[in-house]
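Taking the form predicted on its own, here's one chain by itself in structure tokens.
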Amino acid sequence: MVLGEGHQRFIQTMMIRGIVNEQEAKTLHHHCCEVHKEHYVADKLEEFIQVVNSKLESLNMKIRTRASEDDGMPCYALVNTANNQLTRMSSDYADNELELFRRTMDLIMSSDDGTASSTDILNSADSLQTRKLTMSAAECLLKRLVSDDWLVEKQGDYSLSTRCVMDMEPFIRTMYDDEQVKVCAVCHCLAFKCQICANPLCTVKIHNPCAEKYFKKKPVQRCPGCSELWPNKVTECRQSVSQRQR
């Protein structure tokens, strides 16, 4: 596979932006080919990315695709394929800041809805093993983690961003046990914001967008695992493709 100047521009842009939605990826693909006068085929984005990934492989990097847990729209993110993402973050964050981020991940992983409250996170800042963080320093760190697109904040609750989930997946699957690592029964990706079967003996979990797609044409909504009636309300999740996914 030949890596052209258009591919290189695509990589450089992804290194700056980190994550783009499907329409943004298509627009970027067209722009890179147009600027460098390279052959462009509108429906060949995936093949274009395959060439890019062939170059990134030796650098332990990859452009990975995943649907947003919020609305099911595809996202493209430049991720590092090595396991220990927290170690790689050490150039941007101090040890105690990384410890608080790890504790935030622990809270999110152990929750039923994939979120951690600001109160629980801030309470953890006073008992760090590395060095305690003041309340104000911890609040500033949370704002920074949101700004850097590792966390998403909504009404005082924090969850992992789409980019974070994509980048951290190897680390999450390695560091947390099977009971904590929730996987969608439909798409088989990590599931944080998901619906759960009401049967206490069933472990099925489904993303909201996946539930919408899976149950859409079924006359009776039954769990794909235990066949019990699905207790959750299935709602329309998709938004405009032009919206930025996080």
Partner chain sequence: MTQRKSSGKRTSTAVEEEEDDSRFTQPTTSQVQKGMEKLTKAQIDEKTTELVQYILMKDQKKIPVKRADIVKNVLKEYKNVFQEIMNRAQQRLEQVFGFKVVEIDAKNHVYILINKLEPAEGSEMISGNPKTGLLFVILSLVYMKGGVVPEALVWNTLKKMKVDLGERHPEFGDVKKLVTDEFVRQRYLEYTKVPHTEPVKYNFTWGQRAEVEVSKHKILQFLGELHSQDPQRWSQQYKDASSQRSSRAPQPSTSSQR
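Residue numbers count along the first chain shown, from 1. In this text, all values refer to a predicted model and were calculated from it rather than measured experimentally.
Missing here is the form predicted together with its partner chain; even so, the following discussion is about that form.
A.B. asks: Can you tell me which of 184 to 192, 208 to 216, 66 to 74, 51 to 59 lies within 4.5 Å of its partner chain in the predicted complex, counting heavy atoms only?
C.D. replies: Of the stretches listed, the one contacting the partner is 51 to 59.
A.B. asks: Hey, in the predicted complex, is residue 155 touching its partner chain, heavy atoms inside 4.5 Å?
C.D. replies: Flag for residue 155 set to no.
A.B. asks: Since only the chain is shown here, I'm wondering whether residue 17 would be in contact with its partner chain in the predicted complex (any heavy atom pair within 4.5 Å).
C.D. replies: Yes - in the predicted complex, heavy atoms of residue 17 and its partner chain come within 4.5 Å of each other.
A.B. asks: Heavy atoms within 4.5 Å of its partner chain in the predicted complex: does residue 23 have any?
C.D. replies: Judged by the heavy-atom cut-off of 4.5 Å, residue 23 is well away from its partner chain in the predicted complex.
A.B. asks: Would you check, heavy atoms only and a 4.5 Å threshold, whether residue 198 touches its partner chain in the predicted complex?
C.D. replies: No, residue 198 sits far enough from its partner chain in the predicted complex that none of its heavy atoms falls within 4.5 Å.
A.B. asks: Among 95, 104 and 147, does every residue place a heavy atom within 4.5 Å of its partner chain in the predicted complex?
C.D. replies: The answer is no: none of the three residues contacts the partner (heavy atom, 4.5 Å cut-off).
A.B. asks: Could you work out which of 124, 80, 111, 118 is the residue within 4.5 angstroms of its partner chain in the predicted complex, going by heavy atoms?
C.D. replies: For this set of options, the contacting one is 80.
A.B. asks: Taking heavy atoms and a 4.5 Å limit, what residues of 5 to 32 are near its partner chain in the predicted complex?
C.D. replies: The stretch touches the partner through 5, 8, 9, 11, 12, 13, 15, 16, 17, 28, 31.
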